[in-house]
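Okay, so here's just one chain, in structure tokens, the form predicted alone.
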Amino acid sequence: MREPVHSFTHEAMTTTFEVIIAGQEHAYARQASAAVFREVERINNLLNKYDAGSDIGQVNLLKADERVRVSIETLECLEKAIWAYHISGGLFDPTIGTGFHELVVDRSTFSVGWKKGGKGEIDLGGIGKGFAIDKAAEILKDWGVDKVVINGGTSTVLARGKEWDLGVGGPWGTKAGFTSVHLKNQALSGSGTEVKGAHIINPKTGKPATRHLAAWAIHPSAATADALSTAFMMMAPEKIKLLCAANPGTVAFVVAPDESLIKIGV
């Protein structure tokens, strides 16, 4: 007998979040998914740059050499962004080249701000959905829900508890023969010219990313996969191989300009 599977959706972060729960009664799964969506909204309220009252909104209002206290979740997300910034050689840059290196994150005082030398403007759109998914997964762990898929729109998905066969969206994946993936306790995030187009800006040049047509990253953390898929759009395959080798559990799929699929870390 097949175990029950329940699906629930919620609009947040300008996309549709979906929670798929297996092995639970419908009423309990619905309550657990509602807790997930509340967590997603809470994280969005902290990271939304368009809200001047959010943590990130407050950081963006600061001048050089100023600080503001923020939540532990905002600190964690910024720390993950800083890691991705350094590991990608600055190609993942939440300020798009305007001054992420000027950011100061201090856990001892729960403060974030800018160095004396200058400041940037933070937009965590390239990592925020993945971070919200990771935090939502923690909520489900508290609920005792272990077999679950959390999907943040068309870009990032996290699968937990069993092996899930998931489809890979986007025309470039279809053309290159990358249409499905098996995930267990892993996240997949994708970026591509057909989805975000010129919105993926190379912070080194200020111009749209053109090295690859599409890129996907697999990692145990949805936030990390989210950030790396953006960086992979601009990284040479040789550098992606080095990054995956140095970070166990990281896998990359890249569609080259000739529409061929490059698999790295598989």
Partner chain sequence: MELNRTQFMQTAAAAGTLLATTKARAVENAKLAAKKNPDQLNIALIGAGAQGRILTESCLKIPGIRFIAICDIWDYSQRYSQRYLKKYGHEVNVYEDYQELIATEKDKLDAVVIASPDWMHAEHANACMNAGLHVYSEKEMSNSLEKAASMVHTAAATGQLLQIGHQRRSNPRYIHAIEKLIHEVGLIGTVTNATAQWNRAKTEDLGWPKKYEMGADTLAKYGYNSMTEFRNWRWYKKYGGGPIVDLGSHQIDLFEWIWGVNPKSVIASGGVDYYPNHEWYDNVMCIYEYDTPDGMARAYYETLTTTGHRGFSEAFRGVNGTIEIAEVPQRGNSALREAHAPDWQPYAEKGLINSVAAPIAKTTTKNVAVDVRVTAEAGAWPLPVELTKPAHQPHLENFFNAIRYGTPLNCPGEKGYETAVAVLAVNRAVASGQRIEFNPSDFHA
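Positions refer to the first chain, counted from 1. Here the structure is a predicted model, which is why all the values come from computation and not from measurement.
This protein has a second form, the form predicted in complex with its partner chain, left out of what is shown; the following refers to that one.
None of F110, W114, W83, F178 but one reaches within 4.5 angstroms of its partner chain in the predicted complex through a heavy atom, and that residue is F110. Of the listed positions (M235, V70, A209, I218), a single one reaches within 4.5 angstroms of its partner chain by any non-hydrogen atom in the predicted complex, namely V70.
The stretch in contact with its partner chain in the predicted complex, judged by heavy atoms within 4.5 Å, is 31-39, chosen from 222-230, 31-39, 201-209, 237-245. Contact check at 4.5 Å (heavy atoms) against its partner chain in the predicted complex: all three of Q24, G53 and L61 pass. A residue is said to contact a partner when one of its heavy atoms sits within 4.5 Å of a partner heavy atom; E163 fails this definition for its partner chain in the predicted complex, lying far away. Residue contact with its partner chain in the predicted complex: K141 places a heavy atom within 4.5 Å of it. When contacts are judged by a 4.5 Å heavy atom cut-off, L213 does not count as touching its partner chain in the predicted complex.
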